[in-house]
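Shown here is one chain on its own, the form predicted alone, set out as structure tokens.
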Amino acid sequence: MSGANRPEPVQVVKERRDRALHALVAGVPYISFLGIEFDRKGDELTAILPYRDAHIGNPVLPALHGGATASFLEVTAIVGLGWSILWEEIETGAVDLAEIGPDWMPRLPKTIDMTVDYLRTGLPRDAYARARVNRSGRRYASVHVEAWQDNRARLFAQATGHFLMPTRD
């Protein structure tokens, strides 16, 4: 086997992917305002909304605010969609890896509409969500997001969103 055919060391690949994800997320201040984090395993992202008192809408129950839940789902959809585009560009070498840094930000899709289904009360604890891109074309994308807390099978909210794709340079 020649040196040119050797795969990159796994740590180099992980660092490149993590740097790209960090640039994608850091470019949206609202994500840090809500405290949303992303856990990456390969090309799969899980969004995490750590519990904060500020996320509670009804202190009597207590329950997560519907706006915090909807925002969490929308952010998950946009970052998931952006990541699916960025992933392909990273893996094919279309993105110059030297450009990826704190000032580098890919253009993100814009929300056309979002339908949220509140399936049960969001409890005062961490929440998790994953996005699934149903369709992604040149101009339009459709994304489904599911959110849960303690049990992946017991969703507390889900959403479907439609997005206007950024123009590709």
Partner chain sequence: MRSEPMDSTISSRTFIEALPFSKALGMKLEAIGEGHAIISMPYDERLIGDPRTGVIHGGAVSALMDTTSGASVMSAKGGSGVTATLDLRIDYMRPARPGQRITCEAFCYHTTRTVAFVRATAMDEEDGSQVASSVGAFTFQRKEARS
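Numbering follows the first chain given and starts at 1. These figures come from a predicted structure and were not determined experimentally.
Omitted from view is the form predicted together with the partner chain, to which the following refers.
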Q. Looking at 126-134, 50-58, 37-45, 140-148, which lies within 4.5 angstroms of the partner chain in the predicted complex, counting heavy atoms?
A. 50-58
Q | Candidate spot 9, 20 and 92, all three touching the partner chain in the predicted complex (heavy atom, 4.5 Å) | A | no
(Q) With the partner left out here, check for me: in the predicted complex, does some heavy atom of residue 84 sit within 4.5 Å of the partner chain? (A) no
Q | Residues of 18-41 having any heavy atom within 4.5 Å of the partner chain in the predicted complex, listed in sequence order | A | 27, 28, 29, 30, 33, 34
